[in-house]
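In structure tokens, the next block holds one chain alone, the form predicted alone.
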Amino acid sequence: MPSYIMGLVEVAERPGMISFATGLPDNSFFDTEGLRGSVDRVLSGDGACPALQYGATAGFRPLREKIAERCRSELGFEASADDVFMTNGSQECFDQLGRMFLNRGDTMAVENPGYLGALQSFSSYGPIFRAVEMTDDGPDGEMLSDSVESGAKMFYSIPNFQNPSGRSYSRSARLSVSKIIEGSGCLLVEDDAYGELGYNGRPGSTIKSMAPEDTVLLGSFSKTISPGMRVGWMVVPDWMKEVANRSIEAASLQSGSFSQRVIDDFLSNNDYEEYLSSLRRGYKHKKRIFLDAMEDRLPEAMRWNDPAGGMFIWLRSPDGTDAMKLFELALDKGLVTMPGRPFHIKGGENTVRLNFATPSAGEIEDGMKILGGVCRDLYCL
């Protein structure tokens, strides 16, 4: 599948462009001083040589132990370091899972809309995607049941602050998904990329805690500490450990030892809870600025949501319209947005994903002027 994502990153980096498009965190929120201290410690003393050397395929054990402890204390399920496999960002998890479990022509259930980067990665293995429509509460239970009963090998989901829509599953939806998946032979891929960015905490229990033997939980430090360090992980059931280890070793030997050790040191020498609280406050404030600008600048014909976490707002143009025209006109005027259509297996022509995390307050105001003018030109004739 083609992907707009990285192409739009390049467009957004051109001089004079304003971006509401990508999933990039706010550069100013990175703790550069804390990370600099961690790099210095990792490269000093007896630890310098191991930090620059190959490591275990599954990853740096002290960091895996910290992730397992967080699974137990915050995510509600039992896990040990042996259940955790480090990857090059959570994006590599998609490729690994496709490599392990998908054959060409297999059925795979996916949220509609769903994360484009995952769809692109899984598509490399030739599955037939079955769309499970998303409601405000979560996935359509009947559609998911039909997909599973029809032999779907996997269901890919983002229950917390979904990319692209910003929605979160209700508790009843989580229970429903766990009951449909448990013992079915369909593997649930639970992507928790934004779970730590709930402004009022997590919106619900992990489905992994409800169906532990049928779920792989994916996580990442990309949205909290640094996307450039490319440190992600998957927490797998016991029966998957051996094949996961073999698959990662065959594909890449291991993910980066140096980055894992830096993040492990950062977690050991900083108050991570306070750090996360600061991030949540920062993104909540930026969301408020963004929504206020939308209220001021966009016409009544446009509709949008108010997510309780994450980085995205889901914008809808009037029914029957094509938001790709909005994308093209805004781009001509110096604003990059992300069309919603590529996130869909079907439908989505009148949707746009907006990222409020990346732009500054000034860019939000200037960009919203452009977006409002384009919307009025297209939809207020």
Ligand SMILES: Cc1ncc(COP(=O)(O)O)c(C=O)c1O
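Residue numbers here begin at 1 and follow the sequence given. It should be emphasised that the depicted structure is a prediction, and the values quoted were computed from it without experimental measurement.
Unshown form predicted together with the ligand; subsequent notes refer to it.
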Taking heavy atoms and a 4.5 Å cut-off, does Gly204 contact the ligand in the model of the complex? no
Is there a heavy atom of Ser257 lying 4.5 Å or less from a heavy atom of the ligand in the model of the complex? no
Is Tyr115 a contact residue for the ligand in the model of the complex, using a 4.5 Å heavy atom cut-off? yes
Applying a 4.5 Å heavy atom distance criterion, does Lys223 contact the ligand in the model of the complex? yes
So which of 84 to 92, 67 to 75, 133 to 141, 298 to 306 is the stretch with heavy atoms within 4.5 Å of the ligand in the model of the complex? 84 to 92
Could you spot which one of Tyr194, Phe122, Tyr169, Phe155 gets a heavy atom to within 4.5 Å of the ligand in the model of the complex? Tyr194
The ligand: the contacting residue among Thr215, Ser147, Gln96, Asn163 in the model of the complex [heavy atom, 4.5 Å]: Asn163
